[in-house]
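Below you'll find only one chain, the form predicted on its own, shown as structure tokens.
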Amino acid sequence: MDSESLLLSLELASGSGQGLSPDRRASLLTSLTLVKRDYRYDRVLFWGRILGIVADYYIAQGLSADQLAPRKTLYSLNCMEWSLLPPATEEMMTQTSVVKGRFMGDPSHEYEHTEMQKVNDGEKVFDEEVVVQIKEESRLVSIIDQIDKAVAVIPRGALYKTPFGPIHVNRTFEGLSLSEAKKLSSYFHFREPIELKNKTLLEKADMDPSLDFLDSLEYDIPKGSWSMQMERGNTLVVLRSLLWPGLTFFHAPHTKNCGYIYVGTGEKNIDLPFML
């Protein structure tokens, strides 16, 4: 959710029970404005909160003028002091995938993982147990990147693609109509498209290249991984992810108000295909 409309966005997303105390809201409003100025971001999004055992991580993301350019992610434990996180790498994702359970809430905490490695001793090859240290900060980067790629959402028309390639915020976007807002096909993944490249020319024929340049939620696997509900007397659409419980997207039809927030433990619901 955009930091400039933070209070309204938190109010709209509060139907899922995901709120912040008044002092946290005040701290975020002030500190995110300073983050935007100091780091010279085009936009700053309040991404959400990952719940830890000792403390919670508050996450924000800085976007450049090209909205699909790699985002800079920051975290805070008190909503005032923000620290920049390194970008996610394949090695980091592989290394942290073995860690399960809740976050501690301490970035310097190290998880211990025992793995078997083959060791050559002359002609003999034998397995040896090696203890690998994995920092919680690396796991935090990995989980945020996974959630962004899987369930970050934006309504159709909120962004537009210029003929030269960069993607910008659509200043003329006035919200989806009520009938459009009730369709899952009106919402896109807020990341680089993956499935779009596999579509045939016939499927692309009805698409507007300046608006339909992202993957639609309609084709997400497993089918049924999104829960859509109308709230406040059909004046608010709320999408909740069942794959990553805690991710809530909201949009008020006929207005620009839209955004998503994640408040959860950072654990994926891997049992979802068996629950549908």
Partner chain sequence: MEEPTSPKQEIESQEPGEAGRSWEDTKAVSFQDPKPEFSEHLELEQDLEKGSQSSSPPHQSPQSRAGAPVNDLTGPGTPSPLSAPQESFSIPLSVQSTQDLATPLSPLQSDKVTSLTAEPQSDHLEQPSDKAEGNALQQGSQQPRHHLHGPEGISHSNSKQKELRFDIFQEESPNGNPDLSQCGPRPSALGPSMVEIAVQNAKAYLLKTSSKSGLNLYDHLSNILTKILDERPENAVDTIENISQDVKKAHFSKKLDTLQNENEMLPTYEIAEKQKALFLQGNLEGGDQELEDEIAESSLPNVMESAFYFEQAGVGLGTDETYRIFLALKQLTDTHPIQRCRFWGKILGLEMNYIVAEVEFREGEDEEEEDDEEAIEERDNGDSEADGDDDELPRSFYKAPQAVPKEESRTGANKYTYFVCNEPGRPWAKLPSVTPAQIVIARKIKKFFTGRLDNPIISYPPFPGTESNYLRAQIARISAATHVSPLGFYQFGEEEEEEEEEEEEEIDGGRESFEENPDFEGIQVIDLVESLSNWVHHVQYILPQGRCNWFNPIQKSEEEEEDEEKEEKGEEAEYIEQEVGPPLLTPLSEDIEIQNIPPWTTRLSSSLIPQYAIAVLRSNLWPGAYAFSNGKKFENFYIGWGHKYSPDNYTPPVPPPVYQEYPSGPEITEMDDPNVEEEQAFRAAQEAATVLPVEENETEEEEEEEEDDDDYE
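Bear in mind the structure is a predicted one, so any value in this text is a computation, not a measurement. Residue numbers count along the first chain shown, from 1.
FYI, the form predicted together with its partner chain isn't displayed, but the following is about it.
From the list 226 to 234, 61 to 69, 29 to 37, 213 to 221, the contact stretch for its partner chain in the model of the complex under a 4.5 Å heavy atom rule is 226 to 234.
Taking the partner from elsewhere, no residue among 152, 165 and 193 has a non-hydrogen atom within 4.5 angstroms of its partner chain in the model of the complex.
The closest heavy atom approach of residue 7 to its partner chain in the model of the complex falls outside 4.5 Å. A residue is said to contact a partner when one of its heavy atoms sits within 4.5 Å of a partner heavy atom; residue 109 fails this definition for its partner chain in the model of the complex, lying far away. Within 4.5 Å of some heavy atom of its partner chain in the model of the complex lies at least one heavy atom of residue 100. Residue contact check for residue 184: none of its heavy atoms lie within 4.5 Å of its partner chain in the model of the complex. Contacts to its partner chain in the model of the complex (heavy atom within 4.5 Å) from stretch 241 to 276: 242, 245, 267, 269, 270, 271, 272, 274, 275, 276.
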